[in-house]
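In the block that follows, a single chain appears as structure tokens, in the form predicted on its own.
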């Protein structure tokens, strides 16, 4: 008679982007469907899943740190199973097993959804699986991440091969879900109570399936589902069309927020990054967006200290930030990612210089963000109530149509509702306001 303990509970920790959050929700659903029970406390779990990111070295270091902590836990609980899935599993594969031999399963970005089969030892499964290729990409069913909103992945992988980016190597070449699949997924989430969905892709603008492009997909989702609010990310400047902006201007369900990574204000550095657009091209897109949309929030990604970036080229990025005046930005100093084209370049900007450049950029952008948020004061913003503020239980936290956090005083927030909130004050990061009666 076997004394092996049955695996019954699981805990998932997610690192990285919204795509990883969406994948974790799908993994959790597949495990739950097979009879496993999700627990919030990993100490109660028989299976611990780490869904990982490889975009930056720091993200991988965090996972290795967690694996060290979990190893101590496993020594006290020998039946515990550890699964590392996603981008880091894809990049390191067997190398991860060598660095952390106590990891039981390593499943890459295309194989992570087979975790239930692997746990149960189904025929054809292995402890390390990183081969790309789904016979039917639409078999991957998205799941809501909370009661009022959800992520729907419209495409997987990336064909851009920016020289600094590991994503095409860990997520494979781009594949688009069918438009029918996306519409059905959104309708399913709406039927389960979602008021808002975010359509996800490494480059949503290059979406295409059997004649349907991204603007056409947005029109179908808006017209054929009952969702109240639609977001999308991430965009690539080389593929963002005027037609997409026109659809945003014409369709009220589409939120007036565009996340459009610039990365650098220098054309030479952009070419070194493999970004395939110029700063002038980027500016023309921004000008058209602001011309067509009376209100719009524009956010971006920026990298400083890229190999061979001169001080003058860095100043071009600062100039671009001052000219465009982004609502907010994700800002990073360059770090080498093994396996990328840029890893072959000489990393010749000293680390201290990278940090100094980044800190100056952050200060300039924070000042601009403060100024941009002052225009919100007096505006009534339709806001999705997400819950209580993390800092004070007296305030509710909501997300405006422009993807900004707004706090308002209440003890009973109408979570999941989209309500009008009049903005009364703002700092660089947060808006404050009061709910108002709808006309």
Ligand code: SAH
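Computed from a prediction, not measured in an experiment: that's the story for all the values here. Numbering follows the first chain given and starts at 1.
Keep in mind that the form predicted together with the ligand is not shown, yet the notes after this line are about it.
The closest non-hydrogen atom of residue 407 lies beyond 4.5 Å of the ligand in the model of the complex.
Among residues of the shown chain, residue 337 is one whose heavy atoms approach the ligand to within 4.5 Å in the model of the complex. When the ligand is considered in the model of the complex, residue 56 lines it closely, a heavy atom lying within 4.5 Å.
Although the partner is absent here, residue 175 sits far enough away that none of its heavy atoms falls within 4.5 Å of the ligand in the model of the complex. Segments offered: 296-304, 358-366, 241-249, 219-227. Contacting the ligand in the model of the complex at heavy atom distances within 4.5 Å is 296-304.
Checked against the ligand in the model of the complex, the candidates 205, 202, 198, 255 yield a single residue with a heavy atom inside 4.5 Å, and that residue is 202. Taking 234, 187, 278, 146 one by one, only a single residue has any non-hydrogen atom within 4.5 Å of the ligand in the model of the complex, and it is 234. Along 251-274, residues 261, 263 each place a heavy atom within 4.5 Å of the ligand in the model of the complex.
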